[in-house]
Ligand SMILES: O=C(O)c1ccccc1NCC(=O)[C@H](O)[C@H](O)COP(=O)(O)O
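Take a look at this single chain, the form predicted on its own, given in structure tokens.
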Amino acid sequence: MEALVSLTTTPRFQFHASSQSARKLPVFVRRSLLASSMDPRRPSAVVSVRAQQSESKDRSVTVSPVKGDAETALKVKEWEVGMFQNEVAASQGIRIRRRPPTGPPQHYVGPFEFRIKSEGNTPRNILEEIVWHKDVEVSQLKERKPLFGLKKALDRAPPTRDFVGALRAAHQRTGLPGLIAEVKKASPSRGILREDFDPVEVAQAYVKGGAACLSVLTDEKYFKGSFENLEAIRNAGVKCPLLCKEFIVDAWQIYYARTKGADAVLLIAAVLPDLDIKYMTKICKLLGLTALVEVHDEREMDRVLGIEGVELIGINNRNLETFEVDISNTKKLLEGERGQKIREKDIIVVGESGLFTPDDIAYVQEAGVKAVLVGESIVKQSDPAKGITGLFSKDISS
């Protein structure tokens, strides 16, 4: 039997989550379940969640009942919770939706088969497209490598290195911003940056050129990176602390990055609500990782400055929705009371994107940054070490 239903309802439900199924819940639901514990593997609890969908004139779905079980029903509930999470994010000025607003993603199989008739499932910009793809990717990875299965790998992971300390030391030694050099083969806006890309060789050249830390792209579809690149660089004996440059939407990714040798991870305020940033920052501290929290406008900066425990803030001069770059964004976000609060909290600010010349470095340094993250302008050089010298107009390797 088929029936036409509207998604403009506000369902309420209550369910019992077993220890196995609870591990599959999204971050902020697990946090509600485990209010007194940071361990997402804690046994069962009961949670009531309100999921709300917004109205759309042309939104309708054809529903065909199919046989389901507790696990598939839980996945549909997880999707519904994600819709509520989109609303929470929107209330904080986050325009990036975590997942499509109509109907479960295609990788979910719930008690009903949804056939969507809405244009709302089209990403509004490249960042939203990346996040939607990442949500699917991470769900699949968690099925193959559940969190409890990462425990042995976590026990074997090498000790973390002091990411913030390395940046401070480089700044004090050279009088210039500490360099986080990015190991990146491609980007959505520029395409392939380096055809003869060997991540270990590029990393070693950066170290030779004086990089304080390295950023390693792990996204495969849009940046041609991988966690294998991160692991290979760590296993090659590169001594610089490593940032896992990933689009994190789930705490599972933080644990996984730690197993691959990361010393730091990226948290993007344009994607993550405040509670997720707070929770993930605490996860990082438990694992010995540094969290680089990235902002790109005033509202995001104000949100992050209100979160306790943040030590490292990146200002992205690239608008993550339009990909336009304006390095004056760094200066704008560090003026007035925001700059004063950053100094009072002794937060290191990292300038990101659009840095190609010594004048660019001088400009963001004068604005107040003590570190810079640079990829394109040096990875494209035939000798990345010489590219670093050219970027700073001096040898910063010693």
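Since the model is a prediction, treat every value here as computed from it, not as a measurement. The first residue of the sequence shown is number 1, and the count goes up from there.
Omitted here: the form predicted in complex with this ligand. The next part is about that form.
Check your understanding: Looking at 252, 132, 247, 227, which is the one with a non-hydrogen atom within 4.5 Å of this ligand in the predicted complex?
Key -> When this ligand is considered in the predicted complex, the option within 4.5 Å is 247.
Check your understanding: So which of 327, 271, 312, 320 gets a non-hydrogen atom within 4.5 Å of this ligand in the predicted complex?
Key -> Partner contact (heavy atom, 4.5 Å) among the options: 320.
Check your understanding: Is residue 276 a contact residue for this ligand in the predicted complex, using a 4.5 Å heavy atom cut-off?
Key -> Taking the distances in the predicted complex, the answer for residue 276 is no, it never comes within 4.5 Å of this ligand.
Practice item. Indicate whether this ligand has at least one heavy atom within 4.5 Å of a heavy atom of residue 387 in the predicted complex. Key: No, residue 387 sits far enough from this ligand in the predicted complex that none of its heavy atoms falls within 4.5 Å.
Review point. Does this ligand come within 4.5 Å of any heavy atom of residue 376 in the predicted complex?
Key: Although this ligand is absent here, residue 376 would touch it in the predicted complex, with heavy atoms inside 4.5 Å.
**Study point:** Exercise: residue 354 in contact with this ligand in the predicted complex, heavy atom 4.5 Å
**Key:** It does: once this ligand is placed as it appears in the predicted complex, residue 354 has a heavy atom within 4.5 Å of it.
Practice item. From the candidate stretches 169 to 177, 312 to 320, 86 to 94, 276 to 284, select the single one in contact with this ligand in the predicted complex, where contact means a heavy atom within 4.5 Å. Key: One stretch meets the cut-off, namely 312 to 320.
Point to revise | Sequence-ordered residues of 175 to 213 touching this ligand in the predicted complex, heavy atom within 4.5 Å | key: Counting only heavy atoms within 4.5 Å of this ligand in the predicted complex, the contacting residues of 175 to 213 are 182, 184, 187, 188, 189.
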